[in-house]
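Consider the single chain below, provided in structure tokens and representing the form predicted on its own.
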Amino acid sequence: MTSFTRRDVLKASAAATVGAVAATPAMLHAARAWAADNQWTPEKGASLRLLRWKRFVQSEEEAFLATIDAFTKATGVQVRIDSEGFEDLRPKAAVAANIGSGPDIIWGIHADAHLYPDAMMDVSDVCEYLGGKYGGWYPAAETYGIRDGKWINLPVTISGNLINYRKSMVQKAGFDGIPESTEDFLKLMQNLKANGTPGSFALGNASGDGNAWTHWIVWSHGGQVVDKDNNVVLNSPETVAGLEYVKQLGETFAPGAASWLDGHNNKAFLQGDCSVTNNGISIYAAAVREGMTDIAEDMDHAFYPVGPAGKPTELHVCFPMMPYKHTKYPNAVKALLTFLMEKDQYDAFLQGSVGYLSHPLRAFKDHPVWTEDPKRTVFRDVAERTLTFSGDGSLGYAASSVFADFIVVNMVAEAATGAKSPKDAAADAHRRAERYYNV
């Protein structure tokens, strides 16, 4: 008997899903009209392999796969889709860059293309065309996409990572909603803990949720990894102040948060074990989809509180398409990247994403998905509000390496759990960061 692991089943299901979601006649008609005028004519016999992250919202994946089906039927280019979790996807992206073979495109996370820019295609023509047609790119998207004056990836979307909360539990803790200041936010978390309905945040090496909230903690108190000249300044009074704050915050967390990765907080929230966390809109989308009306009606979303720095300091998650130079079909790659972000397809993609994924191009700000459900509206502005993880410094190999090594996440986790004092955690993280910047 042939045996299959769970990984085998997931991979087979992901690759097979493409044929399971067909484009509508209207989509196919629009795709054929687009293909007739497309400036990047795919090579004869072209076929592509695209590796992406595993879905968090089913309707997003369905919209994406329908778009791929329309592209294939309109152009003749077969596109194989595989999917992996974040923690498996990132090393595979690095391997493809190092050996010069593998998927033609990897739909990755953050700015991993900046770890191996020489392995990426120059897609400046595609990105300049799209920016010119759709109102321009938001600054963060440009930072993530451009290296040394050329676009090395396509920042297809930025996923909002905001505060998710149970309204009734927050009100019982003495607040009408999420407070606007970090000082009051700590009081809320302490009250929630006292009421037996704690909030909690991921303290493990979570690529999305862990990075988002820990950078907010540091930035909200004025801390930075590097200054504008890329000098490491992590061990500063401002960083230590942020870690002193998170030490108190960590005392309010639910048991087990020290090992949480992306997904653990979703599960805890939907089980009623967590009243406040940071996430995209996927928790709410799951509650709506699964008919969990008691949770869906009782939850909402909010921007992160503002700390002593006196301004919003949010980090939202960029999901770029990374086109590899080793592809045999560069025109087909450019055609697909362009097609995905043209209005007909991108409108459907945003609608299917139900607020989980946001637009990096300004023209899509007025999409009805942001206002048809008021609980989505805060996610509309995340591409405008987000900082990039390089902070005050430049986004290059050193910044990408510090980020990929979870230096900020681990520093905050050490202070939050009491594994190290805030001063020791900051000093150790500073030394780790220097290894990347002072080579």
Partner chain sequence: MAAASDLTRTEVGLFERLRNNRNFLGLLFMLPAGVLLLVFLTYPLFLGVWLGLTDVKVGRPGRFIGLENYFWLFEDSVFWLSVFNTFLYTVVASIIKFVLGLWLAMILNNHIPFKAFIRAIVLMPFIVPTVLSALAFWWIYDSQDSVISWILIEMGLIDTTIDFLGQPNSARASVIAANIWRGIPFVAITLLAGLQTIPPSLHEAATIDGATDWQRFRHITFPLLTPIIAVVMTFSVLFTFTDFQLIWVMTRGGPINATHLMATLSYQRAIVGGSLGEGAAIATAMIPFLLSAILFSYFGLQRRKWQQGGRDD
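Predicted, not measured: the structure shown is a model, and the values here were computed from it. Residue numbers count along the first chain shown, from 1.
Omitted from view is the form predicted in complex with the partner chain, to which the following refers.
Using a 4.5 angstroms threshold between heavy atoms, N98 counts as touching the partner chain in the predicted bound form.
Within this chain, T417 lines the site of the partner chain in the predicted bound form, having a heavy atom no more than 4.5 Å away.
In the predicted bound form, the partner chain lies farther than 4.5 Å from every heavy atom of D227. The closest non-hydrogen atom of D405 lies within 4.5 Å of the partner chain in the predicted bound form. This chain is drawn without the partner chain; in the predicted bound form, the residue among I146, A302, L261, L270 with a heavy atom within 4.5 Å of it is L261. Look at 332-340, 126-134, 248-256, 146-154: in the predicted bound form, residues with non-hydrogen atoms within 4.5 angstroms of the partner chain sit in 248-256.
Every residue of the trio A94, N410 and R432 has some heavy atom no more than 4.5 Å from the partner chain in the predicted bound form. Interface residues of 77-91, taken as those with a heavy atom within 4.5 Å of the partner chain in the predicted bound form (partner not displayed): E87, R90, P91, in sequence order.
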